[in-house]
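We've got the same protein chain twice here, in two forms, each standing alone as structure tokens: structure 1 and structure 2.
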Structure 1
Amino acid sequence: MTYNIDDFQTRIAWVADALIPSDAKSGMPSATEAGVPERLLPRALKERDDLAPSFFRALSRLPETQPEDPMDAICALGADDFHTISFLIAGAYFLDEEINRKLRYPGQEALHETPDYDEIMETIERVQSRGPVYVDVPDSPESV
């Protein structure tokens, strides 16, 4: 069976904001404010097309409009469906560059740093000065 994301937009909106509401303190947007339903989730579902069928199947077990306690309703789906939904919604949310900028996450960068060998040597010398931490046994190299 194929699913059309447009048929689920109302559900996606309340589910996404139940999982990721806005937060005035940190200035972080809610999932819908960040553009999860229309912009980011379609990208996430394209990346994880393997999870898309179970995502829509789980959504179809939820009411169309927001219930009184939305988190309870999502939890009631059971651990596997809860995981699929929350993973994809959060995964979509963190595809947004602005959100990552706010969190100071540059993505997994290619780094080419040279170690500070002096620092490394000073650090390990302190450990070495505390002496060996292995048990010498009769056939260890020194006693063979």
Structure 2
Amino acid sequence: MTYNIDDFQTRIAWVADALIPSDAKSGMPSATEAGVPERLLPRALKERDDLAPSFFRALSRLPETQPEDPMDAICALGADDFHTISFLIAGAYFLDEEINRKLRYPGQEALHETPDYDEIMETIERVQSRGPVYVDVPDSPESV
């Protein structure tokens, strides 16, 4: 079954804001204020198209309009569905450069590290030259 994101916009909006509400103190926008439903989530779903079917199946089990306790409704879906929904919505939120700038989060960065093989070999050689070290363990708890 294929799903159309436009059919879920109302649900996505209240779910996203329940998971990522605005915070006036820090100046962080809510998920909808950041553009998650219409701008960022389609990008996240394109990147993780493997999660799209389970994401939409989970959303279809939620009410169209926001319930009195939205987090309770989302949690009631179960751990797997909660993980899928929150993973995609949070991932979409972090696709926004302004959000990352406010959080001072540089985004994913490749680490190019060259191991120091001399240091590794020095450590290995010390252990090899020492030889095996064993500790005698008593046969039964009574002899302790």
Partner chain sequence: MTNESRPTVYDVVIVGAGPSGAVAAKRLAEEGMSVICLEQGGYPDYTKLRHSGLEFELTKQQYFAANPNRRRAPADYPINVSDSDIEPLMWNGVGGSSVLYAAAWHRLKPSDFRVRTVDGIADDWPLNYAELEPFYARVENDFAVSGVGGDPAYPPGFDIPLPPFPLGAMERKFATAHDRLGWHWWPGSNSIATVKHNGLLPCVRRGACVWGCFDGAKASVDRTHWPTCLKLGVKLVQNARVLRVETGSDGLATGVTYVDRETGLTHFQPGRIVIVSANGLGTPRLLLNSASNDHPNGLANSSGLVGKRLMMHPYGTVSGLFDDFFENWQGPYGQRAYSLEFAETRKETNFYRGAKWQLMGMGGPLASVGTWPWGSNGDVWGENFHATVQKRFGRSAYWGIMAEDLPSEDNMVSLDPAVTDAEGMSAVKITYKASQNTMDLLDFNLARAAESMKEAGAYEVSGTPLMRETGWHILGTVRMGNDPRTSVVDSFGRSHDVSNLFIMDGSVMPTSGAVNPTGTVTALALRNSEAIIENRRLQPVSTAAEALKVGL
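These numbers were taken from a predicted model, which means no experiment stands behind them. Only the largest set of C-alpha atoms that superpose within 1.5 Å between the two forms is called the rigid core. For numbering, take structure 1's sequence and count from 1.
In this comparison the chain labelled structure 1 is the form predicted together with its partner chain, and the other chain is not. Once both forms are fitted on their rigid core, the CA atom of E122 lies 2 Å or more apart between structure 1 and structure 2. Once both forms are fitted on their rigid core, the CA atom of V133 lies 2 Å or more apart between structure 1 and structure 2. Relative to the superposed core, E109 shifts its CA atom by 2 Å or more between structure 1 and structure 2.
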